[in-house]
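Presented as C-alpha cells, the chain that follows is alone, the form predicted on its own.
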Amino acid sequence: MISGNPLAELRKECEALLKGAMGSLRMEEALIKHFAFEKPPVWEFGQLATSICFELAKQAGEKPLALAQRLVQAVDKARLQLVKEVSAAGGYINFHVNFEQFSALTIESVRKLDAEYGLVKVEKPQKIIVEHTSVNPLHPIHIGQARNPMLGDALARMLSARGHTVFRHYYVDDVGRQTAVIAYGYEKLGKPKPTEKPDHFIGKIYTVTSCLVEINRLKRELERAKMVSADEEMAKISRELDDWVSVAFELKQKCPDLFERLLEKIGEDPDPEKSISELNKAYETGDERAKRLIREVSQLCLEGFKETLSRAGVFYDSWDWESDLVWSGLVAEALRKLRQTPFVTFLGGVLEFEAGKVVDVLALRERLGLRKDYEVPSLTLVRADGTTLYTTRDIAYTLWKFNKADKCINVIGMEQSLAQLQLKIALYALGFKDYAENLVHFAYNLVTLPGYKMSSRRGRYITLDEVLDEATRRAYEEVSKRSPQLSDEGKRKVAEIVGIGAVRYALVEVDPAKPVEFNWDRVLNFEKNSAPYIQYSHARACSILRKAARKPEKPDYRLLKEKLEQELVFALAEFPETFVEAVETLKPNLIADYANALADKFNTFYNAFPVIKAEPLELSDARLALVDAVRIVLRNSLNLVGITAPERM
C-alpha cells in the first residue's frame, strides 16, 4: 500500500476503532462532532491520543477514566493493522503504532512517491496571484527588504505544490515623487551609462540627488521663515537642515566625484523642487519626454534587481508597471466608480475616501477583525495638484489582478497594514465583496542587524548582493574545511548553494509576525537550526547511500525496532500534514521548523547506530531505506522554501 499521507491513514484507523467501540457500547456517534487526535507528551504513552472521553463523560454521567477504559476494552482487536494496541490513561485514549506495518507504509510511500511525497493536493485548486518584493526602483535591494522576496517566493512554491495555479507578480512602483527625484538627478548628469551594477549605480544617484534637493528646499524655507521672523519655525528648520548637511558630508566622502557633479548641476536650477514636481506630474499624465526618462532609469534599476533575485532563485511571471495602470485609464475608472458611492467627499480640494464610514454602514467591523473603538482613518485619493496616491493606484491594480485570479496575496510589510486595510474596505465600498474576502495581506516584520542602523537617505544600507557574497565567502571557508577533497570549482559551486540557502532560510524560518535578527553566527551554523545544517544532513544521507553502493529492494521493516528509528519514521509520516498546515495558514516557517527537526532526529539516529555496517544485512537494508526516505523528505521540504539540497558538502 502506498499513501501520500501515512499519518492520515493511521488517524483514519484510530477513528474507525473508536467508532466501532462506541457502537458496541451502544453510544451514539453523533455525540462527537469531530474526533481530534494529538501527540502524547511522552513517546511511551503512544503516538496518537484523543481526549473525547472528557466530552463524552459529561453526557454519560461517568468519570473520563472509567469511560476510556470501557471504550478500550470494547475495541475490536481483529481490526488492528497500523495500530498495535490501545490503552487508557487519565481519561485519554492512547494509540500505540504497529511499526512493523507503519514503517513499511511510510518508508515505501516516501520512496515510491519521491518528489511528490508530502505534497498533498487541494480538492478545489484556485488561480492565485502572489505579489511580492515590489521594491521601488530607486536603489539596490537591501537586507532590510530581502525578507519579502524570500517569503513571497516560498509562499508561491508551497501554493503551487498544493495544486494551485500560481502567478508571481512584481509591482513596479514607478509613479510618485521618488522616481521623479532619481530621474531628475540622472538627467542632470547627462543620462550616464552605469559604471557598476546598474541598481547600485542608480542608488548612489538617488541618494545624493535627494539629499541636495532637500538641502535646497530647507534653505528656501529658512529664508521665508526669517522674513516673517518665525523664530520657532526657524529653529526647527535649522535643526533639520543641519541633519541633512551632515548627511551630505557623509555622502561626499563616499562618492566625491558624483557628489560634486550633482552639486554643480542642481545648483544651476533656480527651483529643483518645482522641476521634480513638474516631472512627477508630467509622468503621471503621460508626457512622452517624462515617460522616456523615468522608464529608462527605472529599467536600469530593475536590470540589477533581476540579476540579484535570479541569483537567489527568485523569478516572476509578470512585471506590472504602476504607470501603465494610470495611462490605461484604469485608475481613473476606479476613481469614477468610487465617486459614485456615498463614501467619497472633497475636502479643501482634496478627494477623500471615508473608509470608517464604509465600515459602519456595511457593518464590516467584525468581518475585518476591528476593535469597537478603532476609528479607520480616511484615505486621500487625489491631491490638490491632481496627482493620485499609492493606495489609490493600488485599488485599480487590485481590480486588475482579480480579473486574472481567484485570490490575491500581497506580501507587504506590517507598516503597510493600514493602507492594506483601506484597500480592502474600498473593495467592499465598490461592491466587490468576493474580491475583498479573497485579498490577503501577508504581513511580515522587519529585519535588523545587530550594531548596525540602516538609513536609505544616508546611502547607509547593506545590499542583498553584499549579503549573498559574504554568505558564499563564509560558506566556501567552511566547505573547504569539511571537504578538502573537493576541487576548487566544486567547493565554489557548493559554497554558492550553501550561502544562498543560508540567507533564504534565515529570512523564512522565523514566524512572519516576528522580527528577524540577521546574525552570521546563526545564519551559517553547520551544527543546528540553519540551512547549512539541514543541507549537510541531506548531503550526509546521500553520502551514506553512495558508500553503500546498493539499493535495498525489499527491506524488512520489522527489524526497525529501536525507538530512534521509529521516531524517525513517525517524523517522516508527519511531513504531509505539516505541509498542508503550512500552506493553509501561509506559514513557510513551519516547513523550515519541520526540516530542522527532521535533520535533528536523523543526526541523532546516525550518531547512535551503524547503517552500512549494521548486522544482519537485512537490518542494514532497512536502515538504508530509512536513510533514503529521510533524504527525499529533507530535499522536498527544503525545495518548498526555495533552498537547494546538495548531494555533497
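Keep in mind that what you see is a predicted model, and the values were worked out from it rather than measured. For clarity, a rigid core is taken as the largest C-alpha set superposing within 1.5 Å between two forms. Counting begins at 1, following the sequence as shown.
One more form of this protein, predicted together with the RNA, exists but is not displayed; see below.
J.: If contact means any heavy atom within 4.5 Å, which of 154-162, 459-467, 257-265, 544-552 contacts the RNA in the predicted bound form?
T.: Of the stretches listed, the one contacting the partner is 544-552.
J.: Any chance Leu617 has a heavy atom within 4.5 Å of the RNA in the predicted bound form?
T.: Leu617: no, not in contact with the RNA in the predicted bound form.
J.: Considering non-hydrogen atoms and a 4.5 Å limit, does the RNA approach Gln59 in the predicted bound form?
T.: No, Gln59 stays farther than 4.5 Å from the RNA in the predicted bound form.
J.: For Cys211, is any heavy atom within 4.5 Å of the RNA in the predicted bound form, or not?
T.: No, Cys211 stays farther than 4.5 Å from the RNA in the predicted bound form.
J.: With heavy atoms only and a cut-off of 4.5 Å, decide whether Ala645 touches the RNA in the predicted bound form.
T.: Although the RNA is absent here, Ala645 would stay clear of it in the predicted bound form, with no heavy atoms inside 4.5 Å.
J.: So, a 4.5 angstroms cut-off on heavy atom distances: do all three of Glu415, Asn529 and Thr604 pass it with respect to the RNA in the predicted bound form?
T.: Affirmative, all three are within 4.5 Å.
J.: Check each of Val97, Leu251, Ala539, Ile143 and return the one that places a heavy atom within 4.5 angstroms of the RNA in the predicted bound form.
T.: By the 4.5 Å criterion, the partner-contacting residue is Ala539.
J.: Which residue, Met27, Leu67, Leu598, Ala49, has a heavy atom that falls within 4.5 Å of the RNA in the predicted bound form?
T.: Looking at Met27, Leu67, Leu598, Ala49 one by one, just Ala49 meets the 4.5 Å heavy-atom criterion.
J.: From first to last in sequence, which residues of 503-534 have any non-hydrogen atom within 4.5 angstroms of the RNA in the predicted bound form?
T.: Those in contact are Val510, Asp511, Ala513, Lys514, Pro515, Arg522, Phe526, Glu527, Lys528, Asn529, Pro532, Tyr533.
J.: Is Gln59 one of the residues whose C-alpha moves 2 Å or more between this form and the one not shown after the core fit?
T.: Yes, Gln59 moves 2 Å or more.
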